[in-house]
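A single chain, nothing else alongside it, follows as structure tokens in the form predicted on its own.
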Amino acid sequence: MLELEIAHTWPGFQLQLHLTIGTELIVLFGRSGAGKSLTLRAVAGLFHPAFGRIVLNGRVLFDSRSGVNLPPQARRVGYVPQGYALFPHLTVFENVAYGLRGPSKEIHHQVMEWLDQVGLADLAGRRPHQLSGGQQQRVALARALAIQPDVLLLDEPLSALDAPTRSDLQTLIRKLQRQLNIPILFVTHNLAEAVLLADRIAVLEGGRLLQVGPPQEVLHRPARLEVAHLVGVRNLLRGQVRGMDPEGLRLSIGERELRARPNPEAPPLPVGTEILVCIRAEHIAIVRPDRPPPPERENLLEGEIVGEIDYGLAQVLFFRLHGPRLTPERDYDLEIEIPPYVYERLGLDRIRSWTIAIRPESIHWIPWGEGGEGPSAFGPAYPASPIKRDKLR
């Protein structure tokens, strides 16, 4: 288990992080500059926070109060930095063996075992410049694992690779995740990659940890406006609570009333409470006129398609509801994402007026924050206030 609590301040930026990681793969997800790589460097011993405590399997790696700060080579941390950092003058075998100690026969066996694991046993004699980007990444991964680390740190390891190579390495990392039984921290700003690989996603923004949870929870139940933006919720509408009945929560957006599933993690909200209504674009369905009508419990809205974007694998429609605008600053109210075959089968290029359906369980809501700061989670982002020295023990 890795227990991580760190704080450091620079002009205009403050890193504050508290995270406990078991034998799982945690993805640190967020924009560039959110503090993801800094977190890995702190665990690896390449960055020393002003305050904090880092404990790995009960062994203290860093403690600002007691002055403990183990050097990188004493931490038993496998670290794959951006750019791989391979030694250009060494062979693949020598890169993986670098830093290993013991009888030559044991080192040879250990290196070849990991090269076989990553599919490079037949390239042991080559140098980095003779390898593809994906092969170099496998060498860096084998080198990090050859020391038998207690934690593995991967800093955007797949960002520079082509799609087929990235897919192959994602499969390899998932295999290693099941095999290693150690904490793995994986940094990425690629949402699809985060959802694919993570046991849990930790969302960072501006040095703060905004939300931690299973991928589907973070994706479909963002705890804050910032998280909703980061995970691609494109329909963010201001609304109000209208009441609660056996069918669920009644809420309004503009003059329209919708039903949503109640959030068991949130306290009951009084009528009139302002909320942020979150609806993923891919969760809005177009109702086919030749099919039976959707169940009454579904939210039905009428309007017309006023624009679209063809992304090849998905078609995004811009939908304007009949009646007053929900968003006066633009000429549409909702974004809808559908597969191309649905677009073609329904003839959406010709027929523009439609009824849409939104299931109550597809509507997520967040209480609106006070003081004009926008919506917050059910309480402030962690931590709520600057970390104090006496709390880092």
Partner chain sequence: MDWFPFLLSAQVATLATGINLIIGIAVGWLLARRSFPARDLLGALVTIPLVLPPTVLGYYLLVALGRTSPIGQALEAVGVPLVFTWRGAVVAAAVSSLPLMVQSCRTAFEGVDPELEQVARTLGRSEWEVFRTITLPLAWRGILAGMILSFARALGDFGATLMVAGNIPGRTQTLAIAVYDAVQANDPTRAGILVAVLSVFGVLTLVAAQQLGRRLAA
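Residue numbers count along the first chain shown, from 1. Computed from a predicted model, the values in this text were never measured in an experiment.
There is another form of the same protein, the form predicted together with its partner chain; it is not shown, and what comes next is about it.
Contact with its partner chain in the predicted complex, defined as a heavy atom within 4.5 Å, is made by all three of Y98, R101 and I147. In the predicted complex, its partner chain sits within 4.5 Å of a heavy atom belonging to L46.
In the predicted complex, its partner chain sits within 4.5 Å of a heavy atom belonging to Q82. Of the heavy atoms in R143, some are within 4.5 Å of its partner chain in the predicted complex. For the chain shown alone, Q130 is not a contact residue for its partner chain in the predicted complex, no non-hydrogen atom being within 4.5 angstroms. Only one of 181 to 189, 276 to 284, 88 to 96, 200 to 208 lies within 4.5 Å of its partner chain in the predicted complex by heavy atoms, and it is 88 to 96. For the residues G323, G119, P72, G248, the 4.5 Å heavy atom test against its partner chain in the predicted complex is passed only by P72. Residue in contact with its partner chain in the predicted complex (any heavy atom within 4.5 Å), chosen from V77, L237, L269, L301: V77.
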